[in-house]
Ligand code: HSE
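Only one chain comes next, encoded as structure tokens, the form predicted alone.
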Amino acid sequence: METHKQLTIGLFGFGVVGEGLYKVLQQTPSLKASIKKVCIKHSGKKREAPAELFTTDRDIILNDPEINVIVEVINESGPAFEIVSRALKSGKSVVSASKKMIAEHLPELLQLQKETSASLLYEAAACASIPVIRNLEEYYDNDLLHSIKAIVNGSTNFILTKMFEEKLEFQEALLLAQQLGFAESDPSLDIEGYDAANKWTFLLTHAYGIVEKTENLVFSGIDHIHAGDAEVAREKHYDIKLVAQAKKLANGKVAAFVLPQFIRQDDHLAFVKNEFNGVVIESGFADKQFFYGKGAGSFPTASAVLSDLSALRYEYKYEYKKLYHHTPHELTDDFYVRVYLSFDDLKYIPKEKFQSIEEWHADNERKYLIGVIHFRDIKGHTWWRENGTSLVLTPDPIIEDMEVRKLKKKSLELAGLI
């Protein structure tokens, strides 16, 4: 086996990331990697690269025996999966940045990697410049991995930062994010939480061996958060962040979700502002590690693609150790969460479902409460995202059964007030 394999690349997509990679490769000759051909959708656009580099015919790249690596950085999930499948079946290694495609097709991609023994790497698909997948894959035994929580979407984090630090309304902050290129013209995938949830599906695979579809995760975005929620957070000395979280419970199963959350000022994630991402991993003996870096943009994402290309020179593959070499963990919805809810009308809130209500504020036009509720009363229900209701988790939101019994004893006797 060659220790320094020569990489001849077929690149699909020449947008922000593709062009970034092209420029980065020109500055890293030591990598021994060159782009032979780039497949694009529209041939008419002016691009800062020689015209002969480009083609609109994917077969020219996929059928070229000299091309041994496919780098796929296009936006559409269906075509991306077709390209990646064909490349793996023809024995070519693949580097992808398409989180939606990976999330939607993870079981098939796992099977293809088994059948073909070809390598599929996708560090760039989650957290851009932060090497989170490789670290989960190589460094953390999942019996020792207590929890992982992360800010994995730079667009929503930018918007929340502006709402907090400049007191902008949600729509103003969104418009600014679009003007600066941190949010798409159609920002729904970001602000409704789909992008973060897609990334969380395959990060759960590398962390705990869990293979689950995005739609089976409980997630929401930041589109229900009111300026009043930010005001309450400020009063309590919290920030609000869209946090992806997974935690191993006492019974060995895993609680996981992507939801807005109050963050204490001394929490590592409070440090993560604007378009940056951050990951906090807690393990048995090493306590907490904090990873921080740019989560989007041309060069940060290209740097992750570059790292994967570098690993391919040594025939590196994901071993999916938590899935194949351990007993994979299971997701559970049998736990409680402490939540902050703000709303206009109490009649839409199933107050009888709460185990305890610890705070209750009804003075203002907009009311709020903080209480403990079973996760199943959120999962599979929509009341918490309808009728102007806003749900934000409190710090350390996951509560297990024994703790709830104690809480019930201590619960404020608010039944008469509500």
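The structure presented is a predicted model; accordingly, all values stated were derived computationally and were not measured. For every residue, the number given is its place in the sequence shown, counted from 1.
Omitted here: the form predicted in complex with the named molecule. The next part is about that form.
Looking at residue 261, you'd find every heavy atom of it more than 4.5 angstroms from the named molecule in the predicted bound form.
Contact check for residue 153: a heavy atom falls within 4.5 Å of the named molecule in the predicted bound form. Using a 4.5 angstroms threshold between heavy atoms, residue 140 stays clear of the named molecule in the predicted bound form. The named molecule in the predicted bound form comes within 4.5 Å of no heavy atom belonging to residue 241.
Interface residue among 269, 183, 173, 309, judged by heavy atoms within 4.5 Å of the named molecule in the predicted bound form: 183. This chain is displayed alone, yet in the predicted bound form one of 206, 338, 99, 248 has a heavy atom within 4.5 Å of the named molecule; that residue is 99. From the list 191 to 199, 322 to 330, 340 to 348, 161 to 169, the contact stretch for the named molecule in the predicted bound form under a 4.5 Å heavy atom rule is 191 to 199. Contacts of stretch 276 to 300 with the named molecule in the predicted bound form, defined by any heavy atom lying within 4.5 Å, are made by 295, 296, listed in sequence order.
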